[in-house]
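Shown next as structure tokens: one chain only, the form predicted alone.
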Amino acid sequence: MAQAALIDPSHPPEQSTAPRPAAVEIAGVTKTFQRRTGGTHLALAPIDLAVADGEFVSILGPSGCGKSTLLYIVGGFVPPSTGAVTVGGRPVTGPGPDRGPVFQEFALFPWKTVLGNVAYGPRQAGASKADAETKARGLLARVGLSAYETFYPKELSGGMKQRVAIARTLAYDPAILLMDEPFGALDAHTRLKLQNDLLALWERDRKTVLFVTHAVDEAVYLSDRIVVMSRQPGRIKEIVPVDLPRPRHRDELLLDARYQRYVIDIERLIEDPPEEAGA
């Protein structure tokens, strides 16, 4: 499908004088799973993608297209069947502190307080209890949870838990955030609030972000580029640069015809062509 409708020739994307170095390089990555009933399942066809340092890239596609599998491969949690991933020029052979995962499941330690959860990473890295808690308190202030440091996860709302999860990941100071539908289980109001919070954090730190989502409007609001994947086996169907000004404000974007055009055209990209319907 042509990309022309997504880019207004009268408003071309800004051209950088020098390309940003790649933070993540995915080269010829495929993934085949063994089926318990016998045989194999090709989840990912060859994927080639470079993500620049400080870039916010979202991955969109129909359910089962391998979005999360690709993210887990970058994280080192799942090995590729073929191909390779490098992060900062180094091959990925397993999880590492340079990549911070934030998943839909909050995965907080239920026996630790909010402060204890966020301080866990620095403590594991060798920081003193006092230093780890100082760092954790600073991060909790950034995500608006200073008043909840003595609470336990069971005492928090879903949105609060996800903010704790984000703060806990940031405490490792990873260069790259790997976010797998982190707001997918939240109510609409909380989801919008956390999108705004995430953008504010990203504007401040400019960490590299790989963000998996099913929500087209969320991807357009957050991203520098959107990778649209096809259904199984997952492959890159199109990469859409999002030429919208930053910092972004939702109330302004909702009135921007370019934002509306991106949402409409990307939704069409994700939809199956008529001949594939029902396949």
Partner chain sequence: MTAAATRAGAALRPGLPPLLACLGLLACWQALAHLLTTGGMPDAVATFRELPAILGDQEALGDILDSLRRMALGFAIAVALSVPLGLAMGRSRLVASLVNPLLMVSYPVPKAALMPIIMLWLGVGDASKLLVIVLGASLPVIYHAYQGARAVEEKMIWSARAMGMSGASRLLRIVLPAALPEILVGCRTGIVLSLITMVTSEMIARQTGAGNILFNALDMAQYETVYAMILVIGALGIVLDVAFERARAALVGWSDEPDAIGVTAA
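Positions refer to the first chain, counted from 1. It should be emphasised that the depicted structure is a prediction, and the values quoted were computed from it without experimental measurement.
Here the subject shifts to the form predicted in complex with the partner chain, a form of this protein not shown in this document.
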Worksheet item: Would residue 183 show up as a contact with the partner chain in the predicted bound form if we use heavy atoms at 4.5 Å?
Response: no
Worksheet item: Might residue 103 be said to contact the partner chain in the predicted bound form, defining contact as any heavy atom within 4.5 Å?
Response: yes
Discussion item. My question is simply whether residue 88 lines the interface with the partner chain in the predicted bound form - judged by any non-hydrogen atom within 4.5 Å.
Written reply: no
Worksheet item: Would residue 124 count as a contact of the partner chain in the predicted bound form, using a 4.5 angstroms cut-off between non-hydrogen atoms?
Response: yes
Worksheet, complete the sentence: Residue within 4.5 Å of the partner chain in the predicted bound form by heavy atom, from 189, 129, 206, 154, is 154
Practice prompt. Would you kindly say which of 158, 95, 83, 138 lies with a heavy atom within 4.5 Å of the partner chain in the predicted bound form?
Written response: 95
Worksheet item: Does the trio 78, 107 and 120 actually contact the partner chain in the predicted bound form, every residue with a heavy atom within 4.5 Å?
Response: yes
Discussion item. Only one of these stretches, 189-197, 129-137, 142-150, 165-173, has heavy atoms within 4.5 Å of the partner chain in the predicted bound form; which one is it?
Written reply: 165-173
